[in-house]
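Next up is one chain by itself, shown in structure tokens, the form predicted alone.
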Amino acid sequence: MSTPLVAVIQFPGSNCEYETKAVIDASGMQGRIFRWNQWRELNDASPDAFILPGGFSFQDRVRAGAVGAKERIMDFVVERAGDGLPVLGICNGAQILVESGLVPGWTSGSVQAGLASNHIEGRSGYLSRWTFLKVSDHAQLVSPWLSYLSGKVVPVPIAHAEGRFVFFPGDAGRIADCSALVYCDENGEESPDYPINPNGSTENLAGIMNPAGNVLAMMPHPERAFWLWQVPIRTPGEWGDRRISANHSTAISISRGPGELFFRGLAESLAVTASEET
């Protein structure tokens, strides 16, 4: 069986494509970076999954992700997502997925949600910090990216200025259907207030998905938490304890962190055997 190919789409202004490729490779898959204008090459390669990495595509002009969503390469991503292939958008990638209409995906081809400026204790602005996440009950059953997060609370960093999920008022009753990841504390408790909800996102949403679950848009960066040494040593809870225990061990350089769970889920869905249990 050939190694599954995961395409990482690099737009002008992307800045996480190489880290994302590295963790794909470390998860037993093959990552390959395709530039935004290589849609023919992407079609020929016929990837098994797609990741849109973080950054500031096209300088976030108009709105974050708005220009990238109109690029021709996204037509191919949208088509393959419709065929059921896994698609992940991280931070700016999530913004592109929202602007392309892939998530929440209630109405084909239309934008049904937005990522507004952070609203932090009455202030807006860029925020970089570690947060805690948990998976929604329904999402862990249908999303290939989230199958290993069942019952877990994981620390993952955020770094964005426009990460607050918002919806049209008439869609309030549908939000639970697209909820994939929510912000919480180290014990899994939710709150609409900072710092547990770091940006004022509706219903504490950190990530949303399409109805089929194969497309996930998340604002936190799992690739920045793939290795245990990336987790801050003062992180409360299980992962902080793991970090402290491994601090003086040579194994810390190869020990997997909480972000690895997202990529392990994808690898399993593509029939790749995980090399290490977390």
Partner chain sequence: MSSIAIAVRLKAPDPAAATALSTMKRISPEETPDLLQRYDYWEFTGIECTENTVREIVEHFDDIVNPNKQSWSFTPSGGLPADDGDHTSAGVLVTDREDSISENWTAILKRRGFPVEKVMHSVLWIFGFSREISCTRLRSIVAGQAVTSRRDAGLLANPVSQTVRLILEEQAGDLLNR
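The structure displayed is predicted, hence computed values, not measured ones. Residue numbers count along the first chain shown, from 1.
Keep in mind that the form predicted in complex with its partner chain is missing from the display, and what follows is about it.
Under a 4.5 angstroms non-hydrogen atom cutoff, its partner chain in the predicted bound form has G114 among its neighbouring residues. Although the partner is absent here, R164 is a contact residue: one of its heavy atoms lies within 4.5 angstroms of its partner chain in the predicted bound form. In the predicted bound form, none of the heavy atoms of S147 sits within 4.5 Å of a heavy atom of its partner chain. Its partner chain is not drawn, but in the predicted bound form it has a heavy atom within 4.5 Å of R63. Here is the short version: of G109, G188, P192, G84, the single residue with a heavy atom within 4.5 Å of its partner chain in the predicted bound form is G109.
With the partner omitted from this view, the residue of V67, I252, A26, I33 that lies near its partner chain in the predicted bound form is V67 [heavy atom within 4.5 Å].
Across the proposed site, M74, E99 and H119 without exception bring a heavy atom within 4.5 Å of its partner chain in the predicted bound form.
This chain is displayed without its partner chain, yet in the predicted bound form the stretch 119 to 127 from 135 to 143, 119 to 127, 180 to 188, 149 to 157 comes within 4.5 Å of it by heavy atoms.
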